[in-house]
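First comes one chain, alone, set out as structure tokens in the form predicted on its own.
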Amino acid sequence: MLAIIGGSGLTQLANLRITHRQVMRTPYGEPSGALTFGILGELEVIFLARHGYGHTIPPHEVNYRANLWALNDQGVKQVVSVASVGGIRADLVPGTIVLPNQIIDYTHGRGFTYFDGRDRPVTHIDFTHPYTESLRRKILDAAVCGGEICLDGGVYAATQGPRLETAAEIDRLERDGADMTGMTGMPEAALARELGLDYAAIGVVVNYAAGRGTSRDAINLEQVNLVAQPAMARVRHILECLVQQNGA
């Protein structure tokens, strides 16, 4: 089964025919909200709003462990994350949809692993390639099938939030090799890997990163919302094509 985790700008799937919702309890506490089961195209998927269905949970307080655990418990095998990002690379202009292929983690203080506690052995996972390439390919193919432009590849810088970055911090991220910045990419990707789930992310560029383009002096948050709405509609179309291809 496929699960979709929606971030800022995607707290619900308008094209999802909801069948039921299920409240979950996990060893790590409660997920961000009830799991929403529904039909997308002709197949059942699960949707979860990362920040809660009222968008009330900031990035650093999302219970990533509970979210992934709950999805895995319901038989999910593939997870597609949708997240808003700020564009650092010159071609990542507002409105662009991009599939990152690498991550740099700048977060701290989050519940970042299932392998902690003295009652279990030390466990290391290979994280050389943090996203599942086969799932990334399926998303790119779905974009082509749906006539949507989706850029392939980029380094996602996962920052702590909830504040946006300074211009100097963006300069540093660029020197580190980052192409885009967001606040929810980690530890979500690593937790999915620990559970053996296929995982890929769709980044929606909703603004130039601080100090870049029209964000040179300040980031216009009202403009961010205006950019996000049509871009998320395109993402929903890609997801519907992905589900249809998965069931073909």
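Just so we're clear, the structure is a prediction, and the values are computed from it rather than from any experiment. Residue positions are given as counts along the sequence shown, with the first one as 1.
Below, we refer to the form predicted together with a small molecule, which is not included among the displayed structures.
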For the small molecule in the predicted complex, the stretch among 143 to 151, 94 to 102, 156 to 164, 107 to 115 with residues bearing a heavy atom within 4.5 Å is 156 to 164
Note: exactly one of Met186, Ile46, Ile219, Leu197 sits with a heavy atom within 4.5 Å of the small molecule in the predicted complex, namely Ile219
Only hit among Ala178, Leu71, Val80, Val85 for heavy atom within 4.5 Å of the small molecule in the predicted complex is Val85
Interface membership of Gly203, the small molecule in the predicted complex, 4.5 Å heavy atom rule:
no
field: Heavy atom of Pro31 within 4.5 Å of the small molecule in the predicted complex
entry: no
inquiry  = Is Asn207 near the small molecule? Define near as a heavy atom within 4.5 Å, in the predicted complex.
reply    = yes
